[in-house]
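Given next, in structure tokens, is a single chain: the form predicted alone.
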């Protein structure tokens, strides 16, 4: 597809409907105007794959244009011929690393949204750096649109309008991102101390019950005096606790969605 800056294009005749920004063309891998000579030794896919590999190994903070270029045997300036900026690279990485959603075919919208949320969590849990990619706008890449399509297909079983459908998917996605980010940070701290989640929660409750003054914080004191932090055996797998914690918040969201679905 020819862009607005391509030779021979009458820019004055081009309408807003004809124009697709260069960053979106690269995100969707739209072909640029053909060039004579040998095929380029570098392209967007190679750059993104190298950047994702670095992020998987070193975290998002380890991804820089010079570092990605060096891993490919090129200079940083060479990358800018294919990727407009560091921010654009992050957007490309996020879409590529998200992959495509699994088959979520179900007639039960609640079960479908639950599976959708757990599938999203699995992606971010495998690559926690995804939760650190700055939001540059609404979903716009092919993989992100595939996830949106899967969610909208689930909600098509309801009579909700488009605004509510988009709002629900945005809410659940935000919950997944924040949950994974917080869980990953806490898990790193526990790993550094050599403790599992059950032991960490028990020690937390036992310490705070001695510090929280019932006269000043009556309800919080009652919380720490309860059996909540003592119920899990030390050998309870962290993944089991994580699933339960994640499900608790998710079911509260789905309860609210159910009310809206009934009203519609």
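Between two forms, the rigid core is the largest collection of C-alphas that superpose within 1.5 Å. As the structure is a computational prediction, the values presented were derived from the model and not from experiment. Residue numbers count along the first chain shown, from 1.
The form predicted together with a further copy of the same chain exists for this protein as well; it is not shown, and the discussion that follows is about that form.
- The contact with a further copy of the same chain in the predicted bound form, taken as any heavy atom within 4.5 Å, belongs to 156 out of 106, 78, 156, 85.
- a further copy of the same chain in the predicted bound form is not approached by residue 129, whose heavy atoms all lie more than 4.5 angstroms from it.
- Although the partner is absent here, residue 175 is a contact residue: one of its heavy atoms lies within 4.5 angstroms of a further copy of the same chain in the predicted bound form.
- Although the partner is absent here, residue 46 sits far enough away that none of its heavy atoms falls within 4.5 Å of a further copy of the same chain in the predicted bound form.
- Although the partner is absent here, residue 136 sits close enough that one of its heavy atoms falls within 4.5 Å of a further copy of the same chain in the predicted bound form.
- Contact annotation for 240-264: residues with any non-hydrogen atom within 4.5 angstroms of a further copy of the same chain in the predicted bound form are 248, 249, 251, 252, 253, 255, 256, 257, 259, 260, 263, listed in sequence order.
- Once both forms are overlaid on the rigid core, the distance between the two CA positions of residue 50 between this form and the one not shown is under 2 angstroms.
- Residue displacement note: residue 218 has its CA displaced by at least 2 Å between this form and the one not shown (rigid core superposed).
- Core-superposed comparison between this form and the one not shown: the C-alpha position of residue 67 differs by less than 2 Å.
- A change of 3 Å or more separates the two forms for residue 248 and residue 207: their C-alpha atoms lie farther apart in the predicted bound form.
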